[in-house]
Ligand code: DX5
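One chain comes next, on its own, written out as structure tokens in the form predicted alone.
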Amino acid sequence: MSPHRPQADKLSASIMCSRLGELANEVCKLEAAGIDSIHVDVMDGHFVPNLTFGPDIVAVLRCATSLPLHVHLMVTDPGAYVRRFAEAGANSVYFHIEAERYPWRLAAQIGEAGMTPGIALNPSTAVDLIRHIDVPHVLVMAVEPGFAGQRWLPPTVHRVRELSQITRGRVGIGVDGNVSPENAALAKAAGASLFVCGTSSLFSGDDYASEVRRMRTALSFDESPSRHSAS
């Protein structure tokens, strides 16, 4: 593992939960509301039973915002997408360890492309699998990947706590899936520091700034966090 804990973004907006017909405008509104980064879910219809965004959408988002763009690859062949997402302007790429036979190699490939690598873990995947893999970020799925609006799986808190103990603060831990203010607070207490906000929090209303404040209040975050971190 790396000798120090990377500085993670705090609140990340899952853009698949936004008003997709107004994507560029939505990103601008989220940036004005104080969100820290944009989370882009990429699904191929094979690894998960859904289809969403690709590199061209990331390129559009890159033109619309200076916020970090976090790409979450829910695909069967994540290595095939690295170069295109780097060219599109992504800042970091999470890949599912369940889909990758050689995670060390892929993490290095992502880094060599100028992006920050991260590993995502499905709810049924043992967190111990990442013990000997050197990545700065791990994303713990609190729902089965593929669709928004699912219920939070109760074992998530234990999994975050176990991962925090394994990595001993050297890895930034994120949670993704039904991250309501209440669930986010539980995950933070267990060791999480990145919270992917979707329909249960940020996009539950029309006032994104109010929802951001509500999340930060629940997490007892500073109302004026350092933004635009290069994670």
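Throughout, we count residues from 1 along the sequence that is shown. What you are looking at is a predicted structure, and each value in this text was computed from that prediction instead of being measured.
Absent from the display: the form predicted together with this ligand. The rest refers to it.
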This ligand: the contacting residue among V135, M74, V157, L106 in the predicted bound form [heavy atom, 4.5 Å]: M74
Report yes if any heavy atom of Y102 sits within 4.5 Å of a heavy atom of this ligand in the predicted bound form; otherwise report no. no
Within a 4.5 Å heavy atom cut-off, is L61 in contact with this ligand in the predicted bound form? no
I'd like to know whether L194 contacts this ligand in the predicted bound form, with contact meaning heavy atoms within 4.5 angstroms. no
How about A184 - does it come within 4.5 Å of this ligand in the predicted bound form, if we only consider non-hydrogen atoms? no
For the interface check, one of 27-35, 184-192, 63-71, 169-177 should have non-hydrogen atoms within 4.5 Å of this ligand in the predicted bound form; which one? 169-177
Which residues from 18-45 come close to this ligand in the predicted bound form, meaning a heavy atom within 4.5 Å? H39, D41, M43
